[in-house]
Structures are given as C-alpha cells and as structure tokens.
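Have a look below at one chain only, the form predicted alone, in structure tokens format.
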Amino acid sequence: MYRYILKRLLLMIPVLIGVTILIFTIMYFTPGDPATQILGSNATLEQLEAKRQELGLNDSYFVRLGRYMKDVFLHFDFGNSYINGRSVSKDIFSRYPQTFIIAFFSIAFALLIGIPLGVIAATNQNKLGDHVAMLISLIGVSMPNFWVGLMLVIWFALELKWLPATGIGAPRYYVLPCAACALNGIASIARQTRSGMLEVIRADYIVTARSKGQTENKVIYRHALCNALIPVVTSAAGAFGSLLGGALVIETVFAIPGLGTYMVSAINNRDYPAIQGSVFFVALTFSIIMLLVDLLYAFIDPRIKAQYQGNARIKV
C-alpha cells in the first residue's frame, strides 16, 4: 500500500508540470498586453515599455517559462497579481476555504440523499419507488444550478426571509449555495447508485446471503451497496473536483468571495499570474482528491485491499 501511495505521489509531478506548461503557453499566446491592462489606454509608449521590462514580458518564451516553473516548483510562488500587486498565493489561500466548504458540503449533501434514492430505485425496479426516484433525478439533472440558486434566493431569502441571500459569514450563509450546487450531484449519484445496485443485486453472493437468513437491510446495505459504491465514489470525486474549479457561477450568484470569482475576475482583467496560479492549485487539489479516492477503494471493497496486500507479499 505504501509503495502504491508513493508511486501515485510521484506520478503527480509530471501531471502538475504538464498543467503548468500548458496554462503558461496558453497565457503566453493569448492576445492582449498586460502592461496596457495595468496602466490603462492613456499610458505613453515609454511607460508601457518600462512596465513590460519590469514584468519581464520582453523576454523569450523559454526564459519566461523557465523562470515561472522555478518559482512555482522550488518556492511555491505564483508571483504577484498584475491588478492589485498582491501575492497570488496569499489571495488563493484566503479565498480557497469558502470554495472548499461549498464543494465539501454540496457533495456530502448529494451523497446523503442520492445514495438512498438510488437504493430505493434499484430495490423497487419498475415500481412506484423507482419511478419517483428517477423522476427526482431527471428534474435535478434538467435544472441548471444558477437557476436553482436564483429560485432559492427568491423563495427562502426574499419571500420567507429565513436565510441570507448573499455574502459569507455564519454557517447559514452556506445553506443556499450548497443546496444549489448539490441538486445536480443528487441526481447523478442517484442514477449511478441505481445502475451499480442493479448489477450486483442479483449476483450469487447476494442470493447466498439471503439463503443464510440475513435480513434484507443487511443484504442490501452491507453486501450489495458496498460493491456498488466504487463507481459512485469515482463520480462523487470527479464532481467534487469540478466544484472546486467550477463553483464560480454559484459564487457569482451569491456574491461569495471564493476561488471561482477570483478566477473570473483574473480572466476579465488578463491577470495572468492569478489565472495560472488558480489553475495550478485546482489541478493540485484534484490530483490529491483522486489519490484519496483510490485509497478509499480499499476500504470499500475488500478485494482491492487484498490485491494491494498480495502484490506487496509477492514483491517481498
């Protein structure tokens, strides 16, 4: 197991290097002049040239790329923002907790509701429970999260006045954003759980468990569900990674100063260091999440854990 973890950590290095080179190349060839964006259209040619020299924009592609990769991988320094002059690393770390909280509780909420819905649908195939669960999933998939967010604001914030509409602060500020983000996750996880359960619910070991006199709940949740959770966990991990980089719509709707709004502002202002740092940080976080998911497989499915242990004995 430890060798597998070390191997996966080492494999993260070329992934991050590739992401860094790719996003730097895209920003390098993107039309526009950061010096003009910083100084404004009224700046003189001498001022623009001085600013380009100060930022190192006159250097060649390979010189700038080497300098940037050295700063990132040796000093974990993404540079300073072109717009406000602040450290990009500090800006990301100050905004990341808000985005992480929204993504974490959205996925948790989606799992708590989506998995039982999928189990109900699978155990009541082609019956009323199946039709109701799949109807809820279809509705959840069909409604975009920004529209759901606006409807939640109108209903719970403006009409009922139960929850705040925008901003960040106490835990109740996160209720509406997390609910809006979780709806699509509930639908996809419910459908994935139903599909996985239908594949294993008629397997031989399920029949054997029933023949031993075990209760139906124990058969479903201890034997069948554990074997059906692998694709569900993979789907949830992918959704969690997407939320970290894609919660910008919800953050915009609810005026949350998170990583998503930071990336949108950086793109609009051609703030290249902020864009590159945000993309790198999202890629790093997603790589760590997928590593944790691979390790979680061993606890969900004993066969995978036995495979790791068997490989370790063979190598020894």
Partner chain sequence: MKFSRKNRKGSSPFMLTFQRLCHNRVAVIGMIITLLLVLIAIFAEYIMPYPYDKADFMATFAKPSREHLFGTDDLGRDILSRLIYGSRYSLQIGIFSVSGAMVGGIVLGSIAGYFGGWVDNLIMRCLDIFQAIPGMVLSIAVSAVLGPGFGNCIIALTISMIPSFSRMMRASILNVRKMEYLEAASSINCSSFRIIWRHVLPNSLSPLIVQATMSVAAAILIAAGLSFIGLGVQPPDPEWGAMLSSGRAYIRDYPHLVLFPGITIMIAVLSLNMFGDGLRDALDPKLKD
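Since the model is a prediction, treat every value here as computed from it, not as a measurement. Positions refer to the first chain, counted from 1.
Unshown form predicted in complex with its partner chain; subsequent notes refer to it.
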Site check Ile113, Leu117 and Leu229: each within 4.5 Å of its partner chain in the model of the complex by heavy atom: no
Interface residue in the model of the complex among Leu150, Val132, Val207, Ala108, criterion: non-hydrogen atom within 4.5 angstroms of its partner chain: Leu150
Of Thr36, Asn58, Thr30, Gln47, the one that lies within 4.5 Å of its partner chain in the model of the complex (heavy atoms): Thr30
Interface membership of Leu295, its partner chain in the model of the complex, 4.5 Å heavy atom rule: no
Contact of Leu9 with its partner chain in the model of the complex (heavy atom, 4.5 Å): no
Any non-hydrogen atom of Thr252 within 4.5 angstroms of its partner chain in the model of the complex: yes
4.5 Å heavy atom contact, Gly241 to its partner chain in the model of the complex: yes
Which of 36-44, 63-71, 252-260, 50-58 sits within 4.5 Å of its partner chain in the model of the complex, heavy atom basis: 252-260
Within 4.5 Å of its partner chain in the model of the complex: residues from 82-119 (heavy atom criterion): none
